[in-house]
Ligand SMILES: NC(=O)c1ccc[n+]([C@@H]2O[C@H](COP(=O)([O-])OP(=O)(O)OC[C@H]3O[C@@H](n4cnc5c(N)ncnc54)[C@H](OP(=O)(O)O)[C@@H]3O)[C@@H](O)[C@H]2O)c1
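Form predicted alone, single chain, as structure tokens, below.
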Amino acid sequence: MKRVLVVGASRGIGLEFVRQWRAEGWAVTATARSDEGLAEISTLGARALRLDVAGADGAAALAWPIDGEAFDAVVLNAGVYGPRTQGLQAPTQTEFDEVMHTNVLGAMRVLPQVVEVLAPGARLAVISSRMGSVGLRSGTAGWLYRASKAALNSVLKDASLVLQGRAVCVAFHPGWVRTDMGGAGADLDVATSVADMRRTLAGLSAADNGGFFNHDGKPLAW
């Protein structure tokens, strides 16, 4: 039986990963911060673990519940958008800390915990955003979120170098998805986005390690 870990699965994209993998019979372990999120995960028949990636103690506590696992796939999905700015409005210290701690520091704390529980040839993905691309940048909306995703891409690239030969590590742009973060006006439903990313993950080769991809597998500029 295939085994997968989804970090940040209380709703939206993360929960949809759980739903689709469970529908295919995978053994799924997934994390959430809230009681409601844990209940949603459990309802789908997955193993639910409480985890707040923004907290140092919480991330460190992930190690023992997953000790001895051999995950075929790991998806780091936890993230927040932060202030909905349109220009160069400076974030408050609180806003900066929330976004950077969740989107960047969270990944830097969780990744070391999963290194030893990856099955040979595992796929590891972080859910990034096209908004984090410097090469494709054409707007400034949500510049704190953009900065955090650019930093997350850097974290993923480093992980890919450490894990080269053991796992295939990639960053994903999931598309503009109709979730609480993306809003009702987004152009892609969550089921399609996740199905695309799962299909792309399954088709990756060693040559794709360290890449940045659209949900449908199209390579993206960093």
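Not measured: the values here are computed from a predicted model. Numbers for residues come from their place in the sequence shown, where the first is 1.
Below, we refer to the form predicted together with this ligand, which is not included among the displayed structures.
Trainee: Among the candidate stretches 85 to 93, 134 to 142, 116 to 124, 71 to 79, which one is within 4.5 Å of this ligand in the predicted bound form when only heavy atoms are counted?
Mentor: Looking at the other structure, the answer is 71 to 79.
Trainee: Name the residue from Leu51, Leu156, Ala167, Ala46 that puts a heavy atom within 4.5 Å of this ligand in the predicted bound form.
Mentor: Looking at Leu51, Leu156, Ala167, Ala46 one by one, just Leu51 meets the 4.5 Å heavy-atom criterion.
Trainee: Flag Lys149 as yes or no: does it have a non-hydrogen atom within 4.5 angstroms of any non-hydrogen atom of this ligand in the predicted bound form?
Mentor: Yes - in the predicted bound form, heavy atoms of Lys149 and this ligand come within 4.5 Å of each other.
Trainee: Check Asn209 for me: does it contact this ligand in the predicted bound form (non-hydrogen atoms, 4.5 angstroms)?
Mentor: Flag for Asn209 set to no.
Trainee: Would Leu201 count as touching this ligand in the predicted bound form under a 4.5 Å heavy atom rule?
Mentor: Judged by the heavy-atom cut-off of 4.5 Å, Leu201 is well away from this ligand in the predicted bound form.
Trainee: Can Ser160 be called a contact residue for this ligand in the predicted bound form at 4.5 Å between heavy atoms?
Mentor: Contact check for Ser160: no, nothing within 4.5 Å of this ligand in the predicted bound form.
Trainee: For this chain shown on its own, do Gln20, Thr29 and Pro65 all sit within 4.5 Å of this ligand in the predicted bound form, going by heavy atoms?
Mentor: Not one of the three qualifies.
Trainee: For the stretch 152 to 174, I need every residue with any heavy atom inside 4.5 Å of this ligand in the predicted bound form, listed N to C.
Mentor: Result: His173, Pro174.
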